[in-house]
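Just the one chain here, laid out as structure tokens, in the form predicted alone.
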Amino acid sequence: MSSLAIISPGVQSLVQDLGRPGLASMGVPRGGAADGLSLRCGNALLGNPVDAPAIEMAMLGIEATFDAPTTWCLAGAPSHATLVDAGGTSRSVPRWTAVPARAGDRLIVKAIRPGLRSYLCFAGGVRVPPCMGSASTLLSCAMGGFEGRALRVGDVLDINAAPPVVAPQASASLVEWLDATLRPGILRVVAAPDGQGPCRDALHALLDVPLRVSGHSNRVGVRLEPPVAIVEAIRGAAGGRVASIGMAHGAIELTPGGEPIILGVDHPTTGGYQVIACVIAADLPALGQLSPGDVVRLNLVDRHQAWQAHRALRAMLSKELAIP
């Protein structure tokens, strides 16, 4: 077993896996990595189970030191990462590549852009006590992960022992596909099954127009800022609050003020605003990479197209990384 000592934790660094499915009836969201695709791919490159716990970094990466030989991989949005050895020699390290570190090596991950989140995966995964079957951090309940909170200066994380990895690296075609998948500029959505009248009109008013990501977005929800004219046109179109119903990751709620909110991985399991559409499963990783100030457009597709996109994503992962 090895460990990682945190020198600087970045803006918000959390231990995450693929979350807690099946607990919504108990009021517990699935949670987990906001960009589950990157976590799965990073783990696969290291020979880990795809749901092995890793560190999710947002906006700014971490600075940390290894106390023993460890193999790790940086996945997700681009960032400038360097590994500095005990003698002070530094080298840049690429994404999507298994990298060996020696005892005393210091890892520095700087600003993450374009995109929002990068994942630091380790051969063997981060070792934390499971909570309700998962290592994922749920900040709203202060549960899971590392003491139910974001990492801080001085924290030391244990890394599970794992056999050495023979330097696997993502193919150029996979890297190109991942970059296009995570930063498409467009989110495909399907209309809510009961979206009629004003709700349907509000959805169509939001399609194919520039929607800016608000700085008030977080893992619970991505808030979008439509052009003023559209906000005025759809304000109150969904009828304000409705009877509480079950919510899903990617559901698009419309507030009475005409501001759409796309529910993120830590979304509440029930909600009281009208749902007008839902982001398709194949585009949820891109939702997790939306950064404040980004501009995105919504594109309406039908359920058959949504299934085709999901099958295409799974086929790519199976072909390139043998992920079922």
Partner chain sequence: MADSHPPEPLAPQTRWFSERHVQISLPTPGDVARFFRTLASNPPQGLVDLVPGAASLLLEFDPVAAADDSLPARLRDLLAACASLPDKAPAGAVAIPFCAEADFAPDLEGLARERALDPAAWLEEFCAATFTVDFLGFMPGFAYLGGLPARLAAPRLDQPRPRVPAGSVAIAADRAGIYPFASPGGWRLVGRTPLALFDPAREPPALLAPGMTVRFALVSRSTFDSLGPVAP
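Residue numbers count along the first chain shown, from 1. These numbers come from a predicted model, not from an experiment.
If you look for the form predicted in complex with its partner chain, you will not find it shown, but the lines that follow are about it.
Novice: Using 4.5 Å between non-hydrogen atoms, is Pro114 touching its partner chain in the predicted complex?
Specialist: It does not: once its partner chain is placed as it appears in the predicted complex, Pro114 has no heavy atom within 4.5 Å of it.
Novice: Would Pro129 count as touching its partner chain in the predicted complex under a 4.5 Å heavy atom rule?
Specialist: Taking the distances in the predicted complex, the answer for Pro129 is no, it never comes within 4.5 Å of its partner chain.
Novice: Taking 4.5 angstroms as the cut-off for heavy atoms, does Gly27 touch its partner chain in the predicted complex?
Specialist: It does: once its partner chain is placed as it appears in the predicted complex, Gly27 has a heavy atom within 4.5 Å of it.
Novice: Taking its partner chain as it sits in the predicted complex, is Val11 near enough to touch it, meaning that at least one heavy atom pair lies within 4.5 angstroms?
Specialist: No, Val11 is distant from the partner.
Novice: Out of 97 to 105, 119 to 127, 134 to 142, 228 to 236, where are the residues with a heavy atom within 4.5 Å of its partner chain in the predicted complex?
Specialist: Within 4.5 Å of the partner lies stretch 134 to 142.
Novice: Name the single residue among Val165, Ala248, Val209, Leu174 that comes within 4.5 Å of its partner chain in the predicted complex, judging by heavy atoms.
Specialist: Looking at Val165, Ala248, Val209, Leu174 one by one, just Ala248 meets the 4.5 Å heavy-atom criterion.
Novice: Go through Ala58, Val296, Leu284, Ala44 and name the one with a heavy atom inside 4.5 Å of its partner chain in the predicted complex.
Specialist: In short, Leu284.
Novice: Just to make sure I understand: among 282 to 311, which residues lie within 4.5 Å of its partner chain in the predicted complex, judging by heavy atoms?
Specialist: Going through 282 to 311 in order - heavy atoms within 4.5 Å of its partner chain in the predicted complex - the hits are Leu284, Leu300, Val301, Asp302, Arg303, His304, Gln305, Ala306, Trp307, His310, Arg311.
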